[in-house]
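Only one chain comes next, encoded as structure tokens, the form predicted on its own.
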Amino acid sequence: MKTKDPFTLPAWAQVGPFAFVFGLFFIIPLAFVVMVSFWDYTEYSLVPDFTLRSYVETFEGCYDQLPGLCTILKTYVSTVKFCFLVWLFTLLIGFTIAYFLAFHVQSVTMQMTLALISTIPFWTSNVIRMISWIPLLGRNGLVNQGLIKLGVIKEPLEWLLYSDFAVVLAFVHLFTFFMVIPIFNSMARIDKRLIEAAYDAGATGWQTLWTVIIPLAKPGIVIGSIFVITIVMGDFVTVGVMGGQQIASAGKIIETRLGALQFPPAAANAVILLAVVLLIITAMNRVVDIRKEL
């Protein structure tokens, strides 16, 4: 008969502190955001009265412009476009790096060392890493000057900076790491004997990749994708700086509303953005149930 350890805390006592922190710093603030989104407002004050004014104003004119898209929908389409491109490039780069670390670096010590080296960019502020592209991509930047001296182009390329290209490039640079670590963690758990068995059965390298490695690495891919998607969807600093304040995004709408002290419309847009992100994450969970895979 097993004796109960007197020093073991009950389950509720172990979960309690984490639940308290989660509720204090996530559930309660989120509840306040949702509540304020239904308040009315004037130029100088908030009016705690239930109204759909902020949501109606957000989608105002959308019906009149059908079958075209109104401004708010165009903004969300643009944000989703950036989100998809960044997700695709970070997935390709992150998967490649994780695959190299997991299957081509034999020493666990070297794997951990290289993984830690990949964190070095995070020792510097995101803002500094982002604006470091400006001297490179500017009209008189190193890239344009180098291409001109090599005779590749005659005039500077205007689309390198303050463009969609610059925004996507900065996002990929900033957030690829969030894709590398989860995928590497999933790949490191793969039993190498499964890969050997696939090769022994006559599978090619690509067949082994598609039928063995990718299915077993799906949890890491989904977790990394959630990280990247949630960050990109709400980002407004990178879009503003690298887009030259000329590209709209969902996060930029919220930032603009807050700057104008229009808190209910800002809260309403935050709730809409959260709903869009939750829909994307739900669709991804339909592909891979993370709770079952982990």
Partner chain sequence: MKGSALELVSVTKRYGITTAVDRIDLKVPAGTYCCLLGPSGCGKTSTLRMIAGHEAVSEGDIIIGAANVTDLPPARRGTAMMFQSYALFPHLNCIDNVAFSLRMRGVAKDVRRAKAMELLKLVAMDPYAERLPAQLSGGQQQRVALARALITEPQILLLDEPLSALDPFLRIKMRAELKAMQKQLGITFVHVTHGQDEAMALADLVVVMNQGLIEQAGSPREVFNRPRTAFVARFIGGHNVIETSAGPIAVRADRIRLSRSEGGHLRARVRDVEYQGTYVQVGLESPAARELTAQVGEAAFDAAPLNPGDEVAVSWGEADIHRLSPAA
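Note that the structure is a prediction, hence the values are computed from the model and not measured. Residue numbers count along the first chain shown, from 1.
The next section is about a form of this same protein that is not shown, the form predicted in complex with the partner chain.
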Legend entry - One residue of Leu85, Ala188, Leu216, Ile223 in contact with the partner chain, assessed in the predicted complex (non-hydrogen atom, 4.5 angstroms): Leu216
Inset, instruction - Name the single residue among Met112, Val143, Val77, Leu194 that comes within 4.5 Å of the partner chain in the predicted complex, judging by heavy atoms. - result: Leu194
Inset, instruction - Although the partner chain is absent from this view, report whether Leu91 comes within 4.5 Å of it in the predicted complex, heavy atoms only. - result: no
Inset, instruction - Look up in the predicted complex whether Phe165 has a non-hydrogen atom within 4.5 angstroms of the partner chain, and give yes or no. - result: no
Inset, instruction - Verify the contact flag for Thr71: yes if a non-hydrogen atom of it lies within 4.5 Å of a non-hydrogen atom of the partner chain in the predicted complex, no if not. - result: no
Inset, instruction - Indicate whether the partner chain has at least one heavy atom within 4.5 Å of a heavy atom of Glu155 in the predicted complex. - result: no
Inset, instruction - Sort through 156 to 164, 195 to 203, 143 to 151, 180 to 188 and report the only stretch with a non-hydrogen atom within 4.5 Å of the partner chain in the predicted complex. - result: 195 to 203
Legend entry - Partner contacts for 104 to 118, taking the partner chain in the predicted complex and a 4.5 Å heavy atom cut-off: none
